[in-house]
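The chain that follows stands alone, in the form predicted alone, written as structure tokens.
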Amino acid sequence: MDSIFNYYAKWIRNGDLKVSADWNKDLKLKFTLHDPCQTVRKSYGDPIAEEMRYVLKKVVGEENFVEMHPNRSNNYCCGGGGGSLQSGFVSERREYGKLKMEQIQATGATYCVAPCHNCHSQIHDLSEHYKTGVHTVHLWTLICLSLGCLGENERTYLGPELKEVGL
């Protein structure tokens, strides 16, 4: 068993996935990366965190990636995993996740890449709740954007600066 993030990195290195960060050359949108607990700390460790960073830098431009601190296996949990999103304890989940949102905001990035769907939903909710203006995006969405194959219907959750890119 392996992670899709290892495959993305392998396909980019082999030239099978011909991504480009040219779409962000003039926009210079800044992106940060959330290291999901399940993927990084509990499963694959720092090697998968490196692969996610490799892929992200290839699709947004290395100069447009902003690292969170701490990061990789030491990154803060977002508070959305382990059934928390469905638990009904919304105020507790949001309070727990406040540290994560502060960590994201400290990067100054416009977008937080959340490779895990639970993390994506939690960080999106935190941003709306705390009114931070930080947008949350999946890594595969950025891959598709960089390949020029992201459909109009797949852009509804993106910030205004990305909705029209490549159309």
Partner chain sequence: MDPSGAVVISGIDKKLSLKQRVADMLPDGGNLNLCLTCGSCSSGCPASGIGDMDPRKFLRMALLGMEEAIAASPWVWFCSMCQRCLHACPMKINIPQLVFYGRQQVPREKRPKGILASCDLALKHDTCSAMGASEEDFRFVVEDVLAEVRETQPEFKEMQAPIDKREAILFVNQNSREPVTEPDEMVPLWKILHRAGADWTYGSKGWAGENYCMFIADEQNWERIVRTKARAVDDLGCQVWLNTE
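None of these values were measured; they are calculated from a predicted model. Numbering follows the first chain given and starts at 1.
What follows is about the form predicted in complex with its partner chain, which we do not show.
Annotated contact segment (heavy atom within 4.5 Å of its partner chain in the predicted complex): 114-122, selected among 114-122, 23-31, 127-135, 60-68. Residue contact check for L99: one or more of its heavy atoms lie within 4.5 Å of its partner chain in the predicted complex. The shortest heavy atom separation between V165 and its partner chain in the predicted complex exceeds 4.5 Å. In the predicted complex, R53 stays away from its partner chain, with no heavy atom inside 4.5 Å. Interface residue remark: Q105 is not counted as part of the site for its partner chain in the predicted complex, having no heavy atom within 4.5 Å. Scanning 1-40 for heavy atoms within 4.5 Å of its partner chain in the predicted complex gives M1, D2, S3, I4, F5, Y7, Y8, W11, D16, L17, C37, Q38, T39 in sequence order.
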